[in-house]
Structures are given as structure tokens and as C-alpha cells.
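Read the single chain below, which is given as C-alpha cells and is the form predicted alone.
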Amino acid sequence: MSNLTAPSNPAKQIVHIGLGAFHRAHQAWYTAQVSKNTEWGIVAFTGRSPKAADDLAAQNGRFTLITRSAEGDQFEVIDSIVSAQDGNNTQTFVDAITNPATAIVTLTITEAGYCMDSNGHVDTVNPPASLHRLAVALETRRRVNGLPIAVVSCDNMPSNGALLKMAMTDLFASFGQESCDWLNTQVSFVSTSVDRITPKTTDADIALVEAETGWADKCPVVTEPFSDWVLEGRFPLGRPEWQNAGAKFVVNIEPFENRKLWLLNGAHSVLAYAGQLRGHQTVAEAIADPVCLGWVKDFWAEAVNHLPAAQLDLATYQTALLSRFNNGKIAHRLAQIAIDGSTKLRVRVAPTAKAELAAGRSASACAVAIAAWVQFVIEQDGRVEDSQAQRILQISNTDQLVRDLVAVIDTELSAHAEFMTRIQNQTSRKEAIC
């Protein structure tokens, strides 16, 4: 039975935006490993629905992490979240950011939560809710105490720290020059590369925790043994010693984030669409399909052409990925990965495609990956879960259907005649993928 006594107030505080399974398996887990005697605590806010906060608050922030491998399940109670809050409670959020004990803000709001245009800017008239609340809270902190702070994006986007800074700069422009100067000098935007698979928790997982531990935990999280966290940037008011739990602090994060985005996330996207078209439901099922495995390896062969091999140990990394993909104990559902495909493919596949084309090569494996998404959208009659859902649905009735869909991902690729011919050839023959 887990001890549900309310935790003591921590000496230092992390505010998190986007309370969900990944945050709890990743940043909350890292913090729990290294923060003893309540030195650091996390005040976590939901991104949309308050349910996750309500369930977790009833357990004083504690939950069970199920680490699942071929050898069996391990159960660990994570206690680093000292408060779980509804993200729509703006005043509570502002109070947390202005608290002098708060040294760090972390975000897991998914790529779609940033709502940035192709140049990395946000709509300042109708800004995304999470970023707007963050901007207001940071400006309030400036006015209340002016203390510096580190803001850490933990979402799967290249240069996520720089992108978040650009978004905050856009939104701070309306506050005046003094506010913008404070943002530039007192707020550190930390870039990260994050990695840990966290499939959706099922009723069976909840029942398993109670059977194995005796605790009726309403919100356990399932994850894999592997975890990775690479960070670049300053923490002016300090941070937990995450490196003692395996996190890496580097001077230049770009090679690490590209390795993860292109090899792990890119392969996931290939499997998400091609795998479902071929009748598979999970990553483990899809990677066991020799056709899907071949497409993943072909995509990797193109991606590694644009990664510094000596620095990243790419062969070992790819071997580890295949081992993770084959972990049938982790039911990583392709339908979950397939959500918001236009945004994901823009950063996971399009950069490799453009680099291959610029090098005078065919980018044929990238074409297969994008064609699989196009075919998937067509099979769904344009009705997909995507940040560009309305645009995609409208495109489903256009004469240039395939080209218009590729343009949602990247207009440069949609204008490349030879690349589009390869995609057209794939999508015109359904059996090429299915």
C-alpha cells in the first residue's frame, strides 16, 4: 500500500505545463531519482482536461510507474509531483510562476500545442492557450519580483528552446520594451531532446498495480526501461542533479535531437501509417513485418547521411531502437503515434528528404514515408486527428489531392517534381504500401 501522506513543501520548485503520461515517466521520474528530502518538487498543470489533475491530486501527486520489459514488470512509486492542478486555473498558474521558490518551468504540450507558422512565429491575436498563459505568468513574475528563471521545452521539435523563445518574444512584444529586455536577459530557454515510450494506460494496467502492490492507484503510467534526456542551456536559479539519473548536459544539442527526431521518431511515423495500412496495431507488430522493417531501415540509411556518425554512435543507437521496437510488452499503439501527422512529418521526415534531394539523391525512402501518410489520410476520407484537420478535410475534395496534402507537410517538397512523382507512384498503387 502506497503512503499517500501529503508531501512536505519543497525548498525549490519546478512548474510543469502539460501533465500527462510522458511527463510522469520522464521529467517526474528523473526528478524523483535525484531529489531527496523534498529539495525539489513539481507543481504540474494539465494542458486541457482537468481530469488528470483531479485523479492525481486525490493521491497527493503520487502514482505508480510500471517499467515493462521482456523480463517482467517493475513497480515504483514516484513522489516528485507535490501539486497537480487544472491548467485552466490561470490565477493558480500565475501564482506558481511568481513564487520566488520557482526556478524552472518545463513543458510537454506536444508539437501541436505551439501552433507555430512555417517561420516559427505564433498568432499574437489568437495565441495558443498554454503559451499565452505562460507569457502572462512570466510578465507577472517580472513585475512581482523580477527573478530569473529557466524555461525548458520537452517536446519533440528541433531547437525547441529557440522556438519557445521566439514564441515568447512574439507575445511579449505587446508588454513593452522593458518586458522584452527582461525576457532576453533573465529568462533562459533550454533546449532538450527527450525519449521514453509511454503507451496509454489501460484498465488492465490499473488492475495489475492493485493486484501486485495492494494500492488502488487510479493513474499509473506504463513505460519502457530505456530513457534519454539531453539538455543545452543555463539554469540561473539551479536545477536538480538530473545527470545523476542519466541526463546529459551538452554544449550543442542539435546532433542529439536530430538523431532522435529522425531515427526514432521518423521510424515511428513510418510504422504508424504504413503499419496501420498493412493491418498492424502496435509498433512491435509492425516492426515484425519484414516489409515495414525494410522501409524503416531504408529510411535510416538516408537519415544517417546527415548525422555526425563519430559523435553519435549511430550503429549502436539503431540496434537499441530495434530492440525497443521489438519489446512486445510495450503496447505502443500506432494510432496514438499517428496523431498530428502533418506536424510530426514536417520535423521527422521532411528535413532528411530535402537534404537528400539537395545532395542529388532520390530521397525514395522519405517518399515512401510521406506517401504512407497521404494514403492513410485518403483511407480516412481526410478525417484525421491533426492540428491541420480542417485544412486536410478541405483538401480531400481538391483535384490536386496528393500534392496539396504534401504541401501541408512542406511546400518545398510539394513543388519538387521528381519527388512528387515518386509519391504519386506510391499512392496511385495502393498495393505498394498495403
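A residue's number is simply how far along the shown sequence it sits, counting from 1. Here the structure is a predicted model, which means the values were calculated and not measured.
Unshown form predicted in complex with a small molecule; subsequent notes refer to it.
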Inset, instruction - Could you work out which of R259, R133, H268, H280 is the residue within 4.5 angstroms of the small molecule in the predicted bound form, going by heavy atoms? - result: H268
Inset, instruction - Quick one: from A84, I78, L171, L264, grab the residue that has a heavy atom within 4.5 Å of the small molecule in the predicted bound form. - result: L264
Inset, instruction - Mark R142 yes when one of its heavy atoms lies within 4.5 Å of a heavy atom of the small molecule in the predicted bound form, and no otherwise. - result: no
Inset, instruction - Please check if N156 has a heavy atom lying within 4.5 Å of any heavy atom of the small molecule in the predicted bound form. - result: yes
Inset, instruction - Please check if I197 has a heavy atom lying within 4.5 Å of any heavy atom of the small molecule in the predicted bound form. - result: yes
Inset, instruction - Report yes if any heavy atom of H332 sits within 4.5 Å of a heavy atom of the small molecule in the predicted bound form; otherwise report no. - result: yes
Inset, instruction - Please state whether all three residues H23, R24 and A32 have a non-hydrogen atom within 4.5 angstroms of the small molecule in the predicted bound form. - result: no
Inset, instruction - Considering the small molecule in the predicted bound form, find the one stretch among 294-302, 92-100, 121-129, 342-350 with heavy atoms no farther than 4.5 Å from it. - result: 342-350
